[in-house]
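Below you'll find only one chain, the form predicted on its own, shown as structure tokens.
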């Protein structure tokens, strides 16, 4: 069968440009009323576009011209960070969103593909952070290898937890991960070698002779030092996104989906349940550990209070809000969950209450999330006539 005509690219480019303009206006807004006004205008625009059918061409562009739209999305993000090139706060927010997005890609592999419940995400984030702190302080290991080591140690710790997870199912497996997360935080608080309740400081990241904590000048234009971390987080997120999408379209992704949907039927068809659950759990934890190691170097300080059960629930709420199994949904939800409380200080103290209410509303009225996972597409853009 011949492939259907390719979808036009321009609706996706227009949508990316409008989203970038909204992000600039949202970040540029100073007081809370301006922030609320920008959000209200964006909500009205989305509702109008949906009612008039203008969203459909953009959605087809992202679905059928995925490689090109991935490049457009990266270009739009670079335009945004270039607009705020010397402003610390917006760049810190972008770097944080990219780190959370990478972590949630790991959870997407576990949660959305293999159906392995993981409510101990904060523990694996902490593993990556403390690995980066110890290696940076006591060794001369290059920081690229420090990031890889953070992911490797998180995967190694996860290989210990996967043993009881494999012997349980459903909410019993969830309880196992919750217990592990609580034990991990307690271990950090009573371990003086790792700083105890006071935590640890981290040195500046250094790569190819560049010190990431120093502002730099290019062609007479001064850039915030956070630009280093944003570009590093973007490279890590792009790599994790590419791995996630390739995994989804592979026969491994088919096996993971079969396990999630019906373990008994998958086993009857010869799929090795334990093997693929271990693959999903290990790969997801590696992504989370590496991303959080970079985040620790960006912040320069970590403490046990950064890795509570509430932080694990934030990760789960991002997955549920964005759409289980949809990487693009994780990106959208990560931006909302990270940036919105920072811009609306009124809800900052009640953010966990907001997350809980948001999860309840999503489960009740839109269980598939803001961006539901589409059907698996082995060849992007291919459609039968």
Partner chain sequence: MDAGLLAQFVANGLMLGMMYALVAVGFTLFFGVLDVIKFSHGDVLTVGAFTGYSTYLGLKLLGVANPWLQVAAVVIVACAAMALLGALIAKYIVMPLKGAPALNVLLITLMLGTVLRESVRLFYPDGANPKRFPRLLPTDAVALGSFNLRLDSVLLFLGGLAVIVAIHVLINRTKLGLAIRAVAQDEETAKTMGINFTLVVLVTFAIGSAAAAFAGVMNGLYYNEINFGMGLWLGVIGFSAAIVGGLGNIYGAILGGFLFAALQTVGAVALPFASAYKDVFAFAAVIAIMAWRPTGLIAERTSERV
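As the structure is a prediction and not an experimental result, all values here were calculated from the model. Numbering follows the first chain given and starts at 1.
Just so you know, the form predicted in complex with the partner chain exists too; it's not on screen, but the next bit is about it.
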Inset, instruction - Would you mind picking the one in 152, 238, 79, 174 that has a heavy atom within 4.5 Å of the partner chain in the predicted complex? - result: 174
Inset, instruction - Heavy atom within 4.5 Å of the partner chain in the predicted complex: which of 307, 111, 84, 212 fits that? Just give me the one. - result: 111
Inset, instruction - Using a 4.5 Å heavy atom cut-off, state whether residue 264 contacts the partner chain in the predicted complex. - result: yes
Inset, instruction - Give a yes/no on whether residue 227 approaches the partner chain to within 4.5 Å in the predicted complex, heavy atoms considered. - result: no
Legend entry - Heavy atom of residue 350 within 4.5 Å of the partner chain in the predicted complex: yes
Legend entry - in the predicted complex, residue 300 touching the partner chain (heavy atom, 4.5 Å): no
Inset, instruction - Decide if the three candidate residues 170, 178 and 364 all line the partner chain in the predicted complex, where lining means a heavy atom within 4.5 Å. - result: yes
Inset, instruction - Choose from 156-164, 199-207, 126-134, 100-108 the stretch whose residues reach within 4.5 Å of the partner chain in the predicted complex, heavy atoms counted. - result: 156-164
Inset, instruction - Residue by residue through 311-331, tell me which have a non-hydrogen atom within 4.5 angstroms of the partner chain in the predicted complex. - result: 313, 316, 317, 320
